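Starting off, we have a lone chain in the form predicted on its own, written out as structure tokens.
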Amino acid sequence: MDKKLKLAVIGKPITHSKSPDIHQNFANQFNAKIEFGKDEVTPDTLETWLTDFFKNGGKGVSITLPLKEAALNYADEISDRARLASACNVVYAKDKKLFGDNTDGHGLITDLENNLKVTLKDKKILILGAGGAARGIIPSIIEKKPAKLKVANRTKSKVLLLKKDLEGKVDLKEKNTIFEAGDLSDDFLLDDSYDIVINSTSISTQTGESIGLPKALFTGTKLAYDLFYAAEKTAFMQEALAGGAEKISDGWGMLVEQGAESFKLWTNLIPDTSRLLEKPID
């Protein structure tokens, strides 16, 4: 790989992103030359940015909030993972076409199963939020056949649309999974206990504010997992600990593992993630 690969990560906010450092670590493992940019892009400017990037020799781009659903429409072809998720977190050029994929679910499951040693089969799982981040992980979670998966969102109409979309693509009976969708009311949240609670909303990371969850939500919870990573415990992680969750984790492992999967798509090289998992980038 003599020619320098042009890569990037886009979203808003984006200044906090560690993706350039992660992918430079991966490239260094193979003495590969990359140029990894970091640009703030909004849904309004997404199409123009992507057109310019690929026209000017771009190879691959990581896509983060709030662009994951909109980016799906830009690719010439999309993977089954992106189709099932109705969201896209990577677009790359290959054979004069643009391909859209979603590596978020792969990253989460790899982190949960391989790194945190958590199994999802027959578990009760709650996901908070119904945006592109939630869409990216739900199909992969359902593949693991949890007993029940609930998705709760502040705006009920949005989560009901997600449920309808998913039921048109996945045979939940075949997976032996009960799927429920509702709002963030105590009635909906507290009529079950959960083995795993996953936060896919960016509220606590972007603002530091509490999501306002009832303490009783975490009674009996084995793992509370925030999809977002931060140097300190996120507000969600603090709430989970205060509510009695046995273990908490941020999304650093997921970010590294989904990044490794994206790097493989771009380069056909499979990086070792172990060092980054042991020592996160400051």
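The numbering used is simple: start at 1 and walk along the sequence shown. What you see is a predicted model; the values in this text were computed from it and never measured.
Keep in mind that the form predicted together with a small molecule is missing from the display, and what follows is about it.
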property	result
Residues Leu184, Ser202 and Ile211 all lining the small molecule in the predicted bound form, heavy atom within 4.5 Å	yes
Residue (of Arg83, Lys144, Lys148, Arg154) lying close to the small molecule in the predicted bound form, criterion heavy atoms within 4.5 Å	Arg154
Heavy atom within 4.5 Å of the small molecule in the predicted bound form - residue from Phe53, Phe218, Phe26, Phe228	Phe228
Listed range touching the small molecule, judged in the predicted bound form by heavy atoms within 4.5 Å, from 99-107, 168-176, 124-132, 189-197	124-132
Interface membership of Leu255, the small molecule in the predicted bound form, 4.5 Å heavy atom rule	no
is_contact(Ile34, the small molecule) in the predicted bound form, heavy atom dist at most 4.5 Å	no
Exercise: Ala235 in contact with the small molecule in the predicted bound form, heavy atom 4.5 Å	no
The small molecule contact in the predicted bound form: Lys163, any heavy atom under 4.5 Å	no
